[in-house]
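As structure tokens, one chain now follows by itself in the form predicted on its own.
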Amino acid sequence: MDPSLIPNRVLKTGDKIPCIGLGTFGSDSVSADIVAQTVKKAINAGYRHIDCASVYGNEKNIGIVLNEVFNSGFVKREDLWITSKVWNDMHNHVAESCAQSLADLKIDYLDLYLVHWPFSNYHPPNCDVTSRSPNAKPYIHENYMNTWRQMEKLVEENLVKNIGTSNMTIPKLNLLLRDSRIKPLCNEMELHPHFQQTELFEYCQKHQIQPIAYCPLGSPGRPERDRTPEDTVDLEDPVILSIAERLKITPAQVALQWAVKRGQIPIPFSVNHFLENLEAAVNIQLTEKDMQAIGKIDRNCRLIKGQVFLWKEYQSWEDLWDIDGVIVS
């Protein structure tokens, strides 16, 4: 696909970010090499937005293929939008974390750098959702601002063009907007038809914070540790299936076009369907009636609940998201 056909979102800085990206969290069943080769194939297919993170454990592999495509002359560094994220255990070492990602990805700068979670604790990867880390802590605003000031410095040093947040809530964003010198330009958040987060979504738009949608398909390939009995399946929703049948497209393409038309930036990962996903952003048009119908199927079904970051043994995951009046400090 011709990359020039992919619409862009314009950030407050004037930078343009493609309206759909390739996520690189390959779940537990996809190796780092497969993720990297998918990145290469996706770039060849027309993707120009790659969403990475240090905790995914595959940035070195992705760096090898990025180096290959740059050296081939197929794309230049400035043709791609590359995002990475600082993990929880590096909140006090943001410059070091960024330097490692740049080295692993074999690039000189990041287009976007995010604070992956607002909790500055380490938790072992691939752990059970019921486990607890002895290092877990609640959100402490003073600590978060220390991290954010380090993020701001990266912008000043031209190592990062834009900075943003991930997995934030309105109370936390209120504090960050109040105290930051460089405002967050994006918030990566769970968004899909069964979890539309309308209040947070509209808050971000009001404050010129671009919503980036992870799990845009309802994350059918997410690890077992993130699954709970009450989870619903977006791509089996009768409304999604009906629209897909009428337009002769896949349910995934319906969900992605809904996301793009709504104004968010979906970042799905797929080994086999990345081209179909890209086409959803360009070649498919939902009607306003379709959009309204999908808007009515929100079930408030959060799939990535973050249980592993809880700081008390018998605590509810809702506390992580400032639900039921939890006050952040």
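Counting begins at 1, following the sequence as shown. Remember, it's a predicted structure, so these values are computed and weren't measured experimentally.
Quick note: we don't show the form predicted in complex with a small molecule, though the next part is all about it.
Identify, from the list M151, A252, L112, M90, the residue with a heavy atom within 4.5 Å of the small molecule in the predicted bound form. Contact with the small molecule in the predicted bound form is made by A252 alone.
Which listed residue (R299, H273, K60, R262) meets the criterion of a heavy atom within 4.5 Å of the small molecule in the predicted bound form? It is H273 that has a heavy atom within 4.5 Å of the partner.
Are all three of W117, E188 and S219 close to the small molecule in the predicted bound form, meaning a heavy atom of each within 4.5 Å? Yes, the whole candidate spot contacts the small molecule.
Heavy atom of I267 within 4.5 Å of the small molecule in the predicted bound form: So I267 counts as contacting the small molecule.
Taking the small molecule as it sits in the predicted bound form, is N167 in contact with it (heavy atom to heavy atom, 4.5 Å or less)? Yes.
With the partner left out of view, is L105 within 4.5 angstroms of the small molecule in the predicted bound form by any non-hydrogen atom? No, L105 is distant from the partner.
Within 4.5 Å, heavy atoms only: does D51 come near the small molecule in the predicted bound form? So D51 counts as contacting the small molecule.
Taking the partner as it appears in the predicted bound form, which of 207 to 215, 94 to 102, 173 to 181, 240 to 248 has residues with heavy atoms within 4.5 Å of the small molecule? Contact-bearing stretch, as computed: 207 to 215.
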